[in-house]
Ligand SMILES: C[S@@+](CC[C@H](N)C(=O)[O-])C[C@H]1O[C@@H](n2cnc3c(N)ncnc32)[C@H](O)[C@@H]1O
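So this first bit is one chain, no partners, the form predicted alone, shown in structure tokens.
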């Protein structure tokens, strides 16, 4: 049956006299780079994703490369690093609590604030593109709100805003530092205990500096000379990549080299440098995921005729370790096992690395979202786990063998506190001086005599802590 003819104007006939044209329903296209950045921020917020893992997928999905990819990367990392400062500024420009602002709109506002206060983006471009983003993702009302708020943000530069919204430095030093350097107050307090008040500002500033990409040449498989960039200051295996995509480096593409922070490289270097008497055949990485340190350790071990067992509790992370170790000599096996209750015979290893799960507050340059995820209550659970892992490692190492406890955190409870607790009541374990393991690294004394602490503001590395324990 034919559809009955509808009364009204024929298509293309136009509006009746005096009638307004129908409003267009299509929205203006949004900038792909900013759209990708918003997608990553949403993944970090909703899915607890790591930005450095979510970013490559977003760049591929939006077809971004070169300068556009670099722009998106800066939007994501910069917005996450400075979120605390931007939220204080936005709070002064909004007539309600930020908790009552729709999360997607707040993500867009933070992106706009970063462009206005920390990037060389013209104000009209920063505002208009962010307004388009809010309109496309939420609606016209959100766009008008975003426009009004960002216009207020644009009235002052970042230093002026910090003076206006941060607590008084003399009356509330932690509160001022928390806003000025975009760290939660409790993190500021923990870092002050670890580094001291004189270096606190330098450390907080270093946490907000974008890290350079560092590559590692796995010995026996690649050399630093075949990698682009300048040699690292302390690691004999590293180079600093000046630009470009690391995946495009041939040695990285085929697994003979990888991306690894210099501090992480130095952990493997230190364990391998510890003197041993007797056999030196079997090494263990007790918390190996995702596999960076294990790959370097396996390569060093292979050059000495030794072998490495890589152990990781989470099966999916154990698979990442196995993938990282593909093609490596010196691998005795990759095992998915609980490091606190490991399935190995006591005394069966000569060297053991315990790179324990931690707050990650030593890697805030590379994982800026960690500062907003961690809570003070996390510390107790992590410290108990760290103690359990070190205790298990000491049972696994033979008499005369060594355990290197490392953690990517300078928080005293996770460093000196763990070592003191493990040593209490154990007459068969002694803390040895780790300084001779890394004689090329200056000014790295740790919180306990004989321990080492690397710092981003002193050494340009993650804030890695190292303690060498020997089983007697």
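As the structure is a computational prediction, the values presented were derived from the model and not from experiment. Numbering follows the first chain given and starts at 1.
If you look for the form predicted together with this ligand, you will not find it shown, but the lines that follow are about it.
Engineer: Taking 314, 357 and 385 as a possible spot, do all three reach this ligand in the predicted complex with a heavy atom inside 4.5 Å?
Structural biologist: Spot residues vs this ligand: full contact, yes.
Engineer: Only one of 151-159, 338-346, 221-229, 104-112 gets a heavy atom within 4.5 Å of this ligand in the predicted complex; which is it?
Structural biologist: The contacting stretch is 338-346.
Engineer: Answer yes if any heavy atom of residue 284 is within 4.5 Å of a heavy atom of this ligand in the predicted complex; otherwise answer no.
Structural biologist: So residue 284 does not count as contacting this ligand.
Engineer: Taking heavy atoms only, is residue 389 within 4.5 angstroms of this ligand in the predicted complex?
Structural biologist: The answer is yes: residue 389 has a heavy atom within 4.5 Å of this ligand.
Engineer: Spell out, yes or no, whether the shortest heavy atom distance between residue 290 and this ligand in the predicted complex is within 4.5 Å.
Structural biologist: Within the cut-off, so yes.
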